[in-house]
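Next comes just one chain, in structure tokens: the form predicted alone.
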């Protein structure tokens, strides 16, 4: 898989034009936005020649739009706009736009080139980087997709001022995950960061460090055959929380579900690998303060376990998690039995009260 070019710049229009100019033989340009980024972000890029000459494709905002019908609508727009294999798609938005847009580009005419311009912290630190693309299918998160790297990912903090606090926290959860994969000092730096009074320059530095963690792991294992599964920390339980909420038509932000999943899987790490209890308590307290508690009871455990078994990381119907012996000491591919998982959910709920 090709290595993505990562561009960190708050001069987004100029940086985007430079990124497009560096791609040879672009015959036409398309810009994918959702209804929010069309209104809040697109007008701020009026100085960009790459945007000015492009056909704009707008999809609905929200995770429920990350579906086959929306994907087909994007294909239709590309086809109706005369897109060829030499066309370029610019994905301007959050994780739904970059995930779905990347998959639309990867699959249209067996692949056209694309650039990601994430406009949310979550997309910047997670969805837009690493080459994973896809859509939700039949209630399962990211069930259909492909590995397809963007030609470039343009990372900036200038659009975050339009985000509600829940969106910032959602992205911050993925940054906490990356720090947990690195070491205690990195975790402390994030848990001490004040999300209520954001220093954008400091956040940009933290974002650069966080993306570097993901990039280092992706470069080592681009197709998720080994260590890249470390990036699934918190996601086996987190995706189950998220899918259950979708089933009930009460969706929760992805990062909130991941944050709850990080605590559940750190509890599992403590039970199975002796992860330090003091670090677990501090993490659980910080997650509770930022994200509250997952809205589940013991009656939900059977469905949560069912959803975990159908997670992409499950190979033979088992529940599979990435765990930690300590911060930075990673253990991938841990099969978890139902009783242990139920016990971990009980402890998680106790820690979150």
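Numbering follows the first chain given and starts at 1. Small disclaimer: the values here were computed from a predicted structure and weren't measured.
The following text describes the form predicted together with a further copy of the same chain, which does not appear among the structures shown.
Q: Residue 113 versus a further copy of the same chain, in the predicted bound form: is there a non-hydrogen atom within 4.5 Å?
A: Flag for residue 113 set to no.
Q: Might residue 221 be said to contact a further copy of the same chain in the predicted bound form, defining contact as any heavy atom within 4.5 Å?
A: Output for residue 221 is no: heavy atoms all beyond 4.5 Å of a further copy of the same chain.
Q: Looking in the predicted bound form, any heavy atom of residue 133 within 4.5 Å of a further copy of the same chain?
A: So residue 133 counts as contacting a further copy of the same chain.
Q: Does any heavy atom of residue 129 come within 4.5 Å of a heavy atom of a further copy of the same chain in the predicted bound form?
A: It does not: once a further copy of the same chain is placed as it appears in the predicted bound form, residue 129 has no heavy atom within 4.5 Å of it.
Q: Just to be sure I understand the contacts: of 151, 144, 206, 279, which is the one whose heavy atoms reach within 4.5 angstroms of a further copy of the same chain in the predicted bound form?
A: After the contact test, the surviving option is 144.
Q: Ok, 202, 185, 109, 250: which has a heavy atom sitting within 4.5 Å of a further copy of the same chain in the predicted bound form?
A: Exactly one residue meets the criterion: 109.
Q: Does every residue of 75, 79 and 137 put a non-hydrogen atom within 4.5 angstroms of a further copy of the same chain in the predicted bound form?
A: Every residue of the candidate spot has a heavy atom within 4.5 Å of a further copy of the same chain in the predicted bound form.
Q: Where, among 101-109, 172-180, 230-238, 187-195, do residues come within 4.5 Å of a further copy of the same chain in the predicted bound form by heavy atom distance?
A: The contacting stretch here is 101-109.
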